[in-house]
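This document opens with one chain alone, in structure tokens, the form predicted on its own.
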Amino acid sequence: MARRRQRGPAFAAALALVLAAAGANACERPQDWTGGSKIAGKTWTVWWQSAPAAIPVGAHFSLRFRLCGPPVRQVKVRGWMPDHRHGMNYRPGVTLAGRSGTAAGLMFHMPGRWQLIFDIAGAAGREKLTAEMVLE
């Protein structure tokens, strides 16, 4: 008689993480959105939109975002100027409801190359997703 190998909770957890990561990469634009940008990571994918759509220099703007992937515990959003090695002068407020959220009070205070960084944390670990843009 052949013996059947039992797969335990560790196998189930690992399989769930692999499937969630695969789902993150297949993340589609939210149905109620027109436009927006997508950043795909290993664990999570984020769709984001700014308001106003064209990010201004020296004026506050906000973001709305949606994540695909495993459950999320916390999201931080920040801006970074890699050429000048400094960030924003303001710390945005981030609200999160499930896998959707907003970030308000962002300001890219000078022209140049900026990175918009989403720092995501959850049971699956932590990941930073980055979008680059040049503001004139």
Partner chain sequence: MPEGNWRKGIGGRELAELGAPISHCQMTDIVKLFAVAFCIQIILGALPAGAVDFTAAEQRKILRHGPWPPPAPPDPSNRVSGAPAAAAFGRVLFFDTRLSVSGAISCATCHRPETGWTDGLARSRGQRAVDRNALSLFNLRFNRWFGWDGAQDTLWAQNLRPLLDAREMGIGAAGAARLVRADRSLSCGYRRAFGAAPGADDERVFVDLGKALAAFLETLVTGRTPFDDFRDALARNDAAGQARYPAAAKRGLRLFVGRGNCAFCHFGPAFANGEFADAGVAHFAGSGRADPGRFGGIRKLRKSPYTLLGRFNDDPARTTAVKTRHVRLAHSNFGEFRVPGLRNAALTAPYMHAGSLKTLADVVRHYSTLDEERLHAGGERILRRLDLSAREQADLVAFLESLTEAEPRRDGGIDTEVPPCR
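Quantities reported herein were computed from a predicted structural model and do not represent experimental measurements. Residue numbers count along the first chain shown, from 1.
Below, we turn to the form predicted in complex with its partner chain, even though it does not appear here.
A.B. asks: Does the trio 76, 100 and 122 actually contact its partner chain in the predicted bound form, every residue with a heavy atom within 4.5 Å?
C.D. replies: No residue of the spot touches its partner chain in the predicted bound form.
A.B. asks: Among 52, 35, 58, 71, which has at least one heavy atom within 4.5 Å of its partner chain in the predicted bound form?
C.D. replies: That would be 58.
A.B. asks: Quick check on residue 29: any heavy atom within 4.5 Å of its partner chain in the predicted bound form?
C.D. replies: No, residue 29 is distant from the partner.
A.B. asks: Just checking whether residue 95 would be counted as a contact of its partner chain in the predicted bound form - the rule being heavy atoms within 4.5 angstroms.
C.D. replies: Because no heavy atom of residue 95 falls inside 4.5 Å of its partner chain in the predicted bound form, the answer is no.
A.B. asks: Heavy atom to heavy atom, is residue 42 within 4.5 Å of its partner chain in the predicted bound form?
C.D. replies: No, residue 42 is distant from the partner.
A.B. asks: Report yes if any heavy atom of residue 109 sits within 4.5 Å of a heavy atom of its partner chain in the predicted bound form; otherwise report no.
C.D. replies: Result yes; residue 109 sits at the interface with its partner chain in the predicted bound form.
A.B. asks: Though the partner is not shown here, which residues of 85-107 have a heavy atom within 4.5 Å of its partner chain in the predicted bound form?
C.D. replies: Going through 85-107 in order - heavy atoms within 4.5 Å of its partner chain in the predicted bound form - the hits are 85, 86, 88, 89, 90, 91, 92, 93, 104, 105, 107.
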